[in-house]
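As structure tokens, one chain now follows by itself in the form predicted on its own.
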Amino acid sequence: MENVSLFVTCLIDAFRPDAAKAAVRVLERRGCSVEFPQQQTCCGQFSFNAGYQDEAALLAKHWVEAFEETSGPIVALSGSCAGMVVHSYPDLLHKWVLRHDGTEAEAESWRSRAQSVANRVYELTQWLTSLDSSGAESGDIDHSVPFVYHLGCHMRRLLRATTEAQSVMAPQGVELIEPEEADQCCGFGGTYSMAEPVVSTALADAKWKQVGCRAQESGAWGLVGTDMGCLLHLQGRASRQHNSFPVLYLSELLDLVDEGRLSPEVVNQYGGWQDGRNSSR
């Protein structure tokens, strides 16, 4: 049995904890023993993207301290947060130490500690594709069920994890289909969606137009993604336009397949705005 540490991320913890619970069930069915480091907090990406380097470094320092106490793989429920840890932490902490009059040796020590933890980080689908077996059977599905797949910018450009989700879902009888202009941002961009609401909304509307076209062509049951920030942004915009097209995080979809509960009726429960804390699912 493989021991893994779960990096839940703040958006899932605050807005969709059911997705984290689903991820735990999915991982356990595939032979993983899941631990949750209680001290974990935000990875600091919001502060980092907004230009608050010191604030981001303090959160990064705390995150490293929380997860370096663990061993084995760290499974992240967000491509963008995984990208932050893997690609930004070592240099961020090195520069932070030097800005605050630390020595080069101290700066290199923090770079090394951050790199050591970052080397163990996998986004969820990256980890699932690394396993020898896809795990649970596909239940009663006897044909391919289509879903439109939104691949977040950081998954695509930082982690280069462009086919992992399809590789995970295809053996389970689910086809993930990207929309036209799939490489265009959905408009979330962390603090960008708050700082530039007009442009952010326009990008979300453009993304939904492409999703709708692909769904109509393929008969897709819903939209699925691997970055909760993107999904909350798109689902929030959909709710304001009275669009009830279902939006699921990948662990939720895979959990339904594992349990043999994937049906249009169940998937439709994920339509419109859903607050995971008050969900009846």
Partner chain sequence: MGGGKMAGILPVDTRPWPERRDEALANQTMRTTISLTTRRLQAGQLKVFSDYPEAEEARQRAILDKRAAIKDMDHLLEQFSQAVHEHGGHVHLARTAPDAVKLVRAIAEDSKVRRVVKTKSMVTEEIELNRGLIEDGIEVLETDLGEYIIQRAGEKPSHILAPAAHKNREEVLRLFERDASQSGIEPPPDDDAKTLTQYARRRLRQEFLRADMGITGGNFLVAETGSVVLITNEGNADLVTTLPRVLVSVVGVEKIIADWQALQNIIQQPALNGVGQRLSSYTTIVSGPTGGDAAEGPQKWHVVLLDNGRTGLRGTEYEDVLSCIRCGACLNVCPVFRQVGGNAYGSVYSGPIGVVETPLLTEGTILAEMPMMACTMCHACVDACPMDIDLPAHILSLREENVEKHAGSFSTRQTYRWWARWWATPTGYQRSLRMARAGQRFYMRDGMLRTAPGLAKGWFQSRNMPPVAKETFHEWWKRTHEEGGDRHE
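Numbering follows the first chain given and starts at 1. Please read these numbers as outputs of a predicted model, since none were measured by experiment.
The same protein also exists as the form predicted together with its partner chain; that form is not shown, yet it is the one meant from here on.
Asks: Taking its partner chain as it sits in the model of the complex, is Cys32 in contact with it (heavy atom to heavy atom, 4.5 Å or less)?
Replies: It does not: once its partner chain is placed as it appears in the model of the complex, Cys32 has no heavy atom within 4.5 Å of it.
Asks: At 4.5 Å between heavy atoms, is Cys42 in contact with its partner chain in the model of the complex?
Replies: Yes - in the model of the complex, heavy atoms of Cys42 and its partner chain come within 4.5 Å of each other.
Asks: Is there a heavy atom of Arg237 lying 4.5 Å or less from a heavy atom of its partner chain in the model of the complex?
Replies: Close contact exists here: in the model of the complex, Arg237 approaches its partner chain to within 4.5 Å, heavy atoms only.
Asks: At 4.5 Å between heavy atoms, is Ala14 in contact with its partner chain in the model of the complex?
Replies: Judged by the heavy-atom cut-off of 4.5 Å, Ala14 is in contact with its partner chain in the model of the complex.
Asks: Tell me, which of Gly189, Pro73, Pro90, Pro146 has a heavy atom within 4.5 angstroms of its partner chain in the model of the complex?
Replies: Looking at Gly189, Pro73, Pro90, Pro146 one by one, just Gly189 meets the 4.5 Å heavy-atom criterion.
Asks: Using a 4.5 Å heavy atom cut-off, which residue among Val97, Ala118, Cys153, Leu176 comes into contact with its partner chain in the model of the complex?
Replies: Checked against the cut-off, the match is Cys153.
Asks: Determine which one of 167 to 175, 118 to 126, 191 to 199, 105 to 113 lies within 4.5 Å of its partner chain in the model of the complex, judging by heavy atom distances; exactly one does.
Replies: So the stretch in question is 191 to 199.
Asks: Quick one: Val86, Phe245 and Leu256 and its partner chain in the model of the complex, is every residue within 4.5 Å by at least one heavy atom?
Replies: Judged in the model of the complex, none of Val86, Phe245 and Leu256 sits within 4.5 Å of its partner chain.
Asks: Under the 4.5 Å heavy atom criterion, name the residues of 41 to 57 that approach its partner chain in the model of the complex, in sequence order.
Replies: Residues within 4.5 Å: Thr41, Cys42, Phe46, Ser47, Phe48, Asn49, Ala50, Gly51, Tyr52, Gln53, Glu55.
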